[in-house]
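First comes one chain, alone, set out as structure tokens in the form predicted alone.
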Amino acid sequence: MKTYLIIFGSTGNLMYKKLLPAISSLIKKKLFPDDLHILAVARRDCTLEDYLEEAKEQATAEVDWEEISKRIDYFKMDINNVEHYQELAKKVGYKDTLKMIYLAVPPKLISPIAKGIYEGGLVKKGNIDERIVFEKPFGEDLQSAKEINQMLWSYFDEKQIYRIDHYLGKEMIQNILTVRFANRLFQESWSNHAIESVTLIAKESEGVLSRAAYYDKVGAIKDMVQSHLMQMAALIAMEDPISLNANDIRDQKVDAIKHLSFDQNYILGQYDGYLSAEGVEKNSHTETLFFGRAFIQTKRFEGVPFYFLTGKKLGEKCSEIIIKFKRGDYQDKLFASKEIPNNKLIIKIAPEDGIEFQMNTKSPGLDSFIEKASLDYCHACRAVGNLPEAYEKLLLDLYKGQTTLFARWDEIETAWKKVSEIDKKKGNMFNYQSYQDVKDKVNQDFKEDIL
């Protein structure tokens, strides 16, 4: 069987900075087949040599250009011309071919390209060896997401559609299931019996940069809560799947999100300087920060608050999940005169990959003070610089037809329904200059030390 990776939008940053390095790495590791052929599709009129020269200038990660040049062709495409899709289909062939079609394009171009792919005969509806893959955002709200999905379903079956949220390709996101289900210590305590709270964090150090015009129409809730943070919450809160089969896992994730509801006590913020960014509307009320509390009404997690924090200009780029365990009645009686910190499990997703478990020990010396100690596992350290990029894992799963790390439509629909319940008019908007401002605001409004 011949194998084609066809990438629309091949002159964009995603191709140069993420996809080409990931493809090169998978070829080097011999995880892609020897007959893999790459078709770089774009609207620009240029030769393959010119394209490769530009790609070399733009790429910021290691790429084996000699190997890539053996496998790649450039195809100029007018996305509104069905004859061009027919030419592309002839070039690839119709039989015994695995086709992976990657739409590395803005959301507005997905519809005309999907139509052209189908009408031009590049993909036949129902053939699971002909796959279409595209990136979030999956719409700008529930209605637009439904419209995009209905459009896709008119040309492809759900089993042919691979929706990428690159967060799901990150090592420690994948590792959550292993931590939960391969360690009896945590499996036995993964409920409201032992867990006091869960905090999901996705902080960014930069502002909106060149995405200002897009971001101003979306904001932190739609950009991050609906996708990244909701996926993290689902993996933490889901019930035990009957197997590690993709659909069994995704069934449980959907069920967890269905049982999630935000309360109406939340904080919206804008960083100082946002309104002066090019592309942002004057007097914009778009939030660049969201802090909110949700509850997941299942027997396992009833009464446990899930705190969501995401925002721009928060001093550092950091994504992590903090699981705070309750103090036990017995230990409080036994050490009544001493302050006993809560145990915490911290799953570090970015920029470092790892797990930290905070436990209590006696301090060294003659006194009997209790102090916090950490068991800290650095996942990236073990890889000695060879930890795979999220896109490597996602491209490899795309090739293998493994769908666990790709978002199914009912996951997306349910997540959009949940964030649409957040009434931003009730939010408490404030301006912030630093992460400390945010911490002070959260602790003041929620009357507890959360961050």
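Heads up: residue numbers just count along the shown sequence, starting at 1. Computed from a predicted structure; not experimentally measured.
A second form of this protein, the form predicted together with a small molecule, is not displayed here; the remarks below concern that form.
- Put simply, of Lys136, Lys217, Lys146, Arg71 only one has a heavy atom within 4.5 Å of the small molecule in the predicted complex, and it is Lys136.
- Among the residues Val304, Leu98, Val105, Leu260, the one placing a heavy atom within 4.5 Å of the small molecule in the predicted complex is Val105.
- The small molecule is not drawn, but in the predicted complex it has a heavy atom within 4.5 Å of Ile79.
- The shortest heavy atom separation between Thr11 and the small molecule in the predicted complex is within 4.5 Å.
- At a distance threshold of 4.5 angstroms between non-hydrogen atoms, His166 is in contact with the small molecule in the predicted complex.
- In the predicted complex, the small molecule lies within 4.5 Å of some heavy atom of Lys18.
- For the small molecule in the predicted complex, the listed stretch (395 to 403, 414 to 422, 23 to 31, 39 to 47) containing residues with heavy atoms inside 4.5 Å is 39 to 47.
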